[in-house]
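Consider the single chain below, provided in structure tokens and representing the form predicted alone.
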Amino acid sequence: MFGRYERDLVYADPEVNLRIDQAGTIPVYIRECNGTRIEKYLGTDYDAIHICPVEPVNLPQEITHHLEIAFPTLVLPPAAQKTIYLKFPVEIGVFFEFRHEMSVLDIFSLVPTKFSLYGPPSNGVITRWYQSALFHKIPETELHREGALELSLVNHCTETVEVTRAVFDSHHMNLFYGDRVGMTGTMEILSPLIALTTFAPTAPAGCPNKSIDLYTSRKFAVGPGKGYMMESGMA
């Protein structure tokens, strides 16, 4: 499914049917998935249609730009460093290219959406929530449903900490795809209650293709910042 289609977009599997039809002289984009069908008429010709994974925080509507991944307890003594692998949900973006400009045409997913609250009700943040197992090597994934995150953790504080979740700001994600969908991230534990999560711009193994940045394609201004500061604990 993922890739660039200059003409004649036709893709079908048991779960998804995507195509560009002609309604007279007007191209019409059709997506059939999860028992629903959408049609969008394209008011102009196009240079290409691009399909790739996008930041998994858009459905069913733009409620949050934070992704929270919960996983089994990881115990880290002082100064310990550990790299683990987690799974995350995949959302699929369809982009319309016209005169070298990208516009979002459609976003859909094969994965149910769940939300949570990170932090206290008074000032916490809503997160797209996902439960993952914890892996010591790159896990097998279903390409159009889940990706693999390589997460490197380091405990900078003087106490042993338990980590059961990671919260990320999707504005700074770097998604890649190929044989699988992948990201590379870090978690720097600064105290028993505070950690900084970031994403690396490097492509994981088996993921040579950089996804289109959803926020850039929408012309959103992404504010400054290195990542997301988790200030309500990691357990």
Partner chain sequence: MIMQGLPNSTVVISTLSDETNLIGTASTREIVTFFILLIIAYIVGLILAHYFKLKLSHRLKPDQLALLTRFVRVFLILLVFVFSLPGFFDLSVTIFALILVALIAIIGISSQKVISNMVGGLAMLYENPFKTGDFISTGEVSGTVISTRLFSVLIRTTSGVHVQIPNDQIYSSDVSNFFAHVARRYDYVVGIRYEDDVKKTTSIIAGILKEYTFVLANPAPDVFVSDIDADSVRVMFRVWFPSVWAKTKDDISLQTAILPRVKAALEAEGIEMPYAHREILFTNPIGDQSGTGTTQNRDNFFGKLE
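These figures come from a predicted structure and were not determined experimentally. Numbering follows the first chain given and starts at 1.
Unshown form predicted together with the partner chain; subsequent notes refer to it.
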*Report yes if all three of 61, 114 and 126 come within 4.5 Å of the partner chain in the predicted complex by some heavy atom, otherwise no.*
yes
*asked:* With a cut-off of 4.5 Å between heavy atoms, is residue 165 one of the residues that contacts the partner chain in the predicted complex?
replied: yes
_Heavy atoms within 4.5 Å of the partner chain in the predicted complex: which stretch in 89-97, 151-159, 118-126, 134-142 meets that?_
118-126
